[in-house]
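Have a look below at one chain only, the form predicted on its own, in structure tokens format.
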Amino acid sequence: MTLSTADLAYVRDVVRERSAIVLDDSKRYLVESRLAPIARQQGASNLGDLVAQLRADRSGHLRDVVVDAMTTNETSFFRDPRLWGALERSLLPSMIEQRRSQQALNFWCGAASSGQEPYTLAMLLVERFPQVVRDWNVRIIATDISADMLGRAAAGRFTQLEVNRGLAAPRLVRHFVRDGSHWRISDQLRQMVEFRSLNLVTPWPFVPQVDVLFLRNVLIYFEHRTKQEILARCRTVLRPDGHLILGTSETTLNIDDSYERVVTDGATTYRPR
């Protein structure tokens, strides 16, 4: 299935209007491949027919489905092991020491997708800092624009392929139970994570002051001005000594000079100046 130039432009406009995500010409194959299953579900004979339905969609439901499909990102457990090693050995111990009098830590995963990132954080905290989990007020807030992804994440069910990506066997056995052909995460970890719907370009009314803000592999989809706006708003919810974590190919350099780059155990984070 292929899209005409006019139909591709229309889909790109819909996605940009609803999510501020920019799909340039290099994303044509991604757009077509992610629209194909939706076309089959909608009974459309081709992508042109699907876009015709999209143009006529008055309820907005089909637009939401299309935007969901375009904004679903690749993820895995313990993605970028160097980052998680730095959190375990240096960043979290330092943060725990600084917060000892308050006994509270807030984490926000701003693009949680199907949940691997917030659950990875929960696993790390339970394994390495059990007393903090038991005695402190620890919040892990996970948000995403995709209702479908949030539903999957909140359910905590993963395929064999998904758990094979990043999880060693001892961790799988410790934190998951068999659920038919899937694996279901433990109740303890699922209850540690709050899943909420959020579009990053809309207000963030329920996001508290956070110690660590994960915003990995998201900024690459936005144009320069939108990146600036999001990074500026991140500073309003990030504690002065907190850490902003971006994807390995992302940076605040030449976007927002109000952050300083910090390298800890080979992992890069950003802190407000």
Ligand SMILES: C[S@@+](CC[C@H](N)C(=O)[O-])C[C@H]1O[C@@H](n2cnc3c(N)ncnc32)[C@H](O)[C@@H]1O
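Heads up: residue numbers just count along the shown sequence, starting at 1. Model, not experiment: these values are computed from the prediction.
Omitted from view is the form predicted together with the ligand, to which the following refers.
The closest non-hydrogen atom of L167 lies beyond 4.5 Å of the ligand in the predicted complex. For the chain shown alone, S146 is a contact residue for the ligand in the predicted complex, at least one non-hydrogen atom being within 4.5 angstroms. When the ligand is considered in the predicted complex, E74 lines it closely, a heavy atom lying within 4.5 Å. N106 falls outside the set of residues with a heavy atom inside 4.5 Å of the ligand in the predicted complex. Just one listed stretch, out of 29 to 37, 233 to 241, 45 to 53, 220 to 228, contacts the ligand in the predicted complex at the 4.5 Å heavy atom level, and that stretch is 220 to 228. Among I141, V132, A111, M123, the residue placing a heavy atom within 4.5 Å of the ligand in the predicted complex is A111. With the partner omitted here, the residue from I185, L200, A86, M192 that has a non-hydrogen atom within 4.5 angstroms of the ligand in the predicted complex is L200. Residues S19, I21 of 6 to 28 are found to place at least one heavy atom within 4.5 Å of the ligand in the predicted complex.
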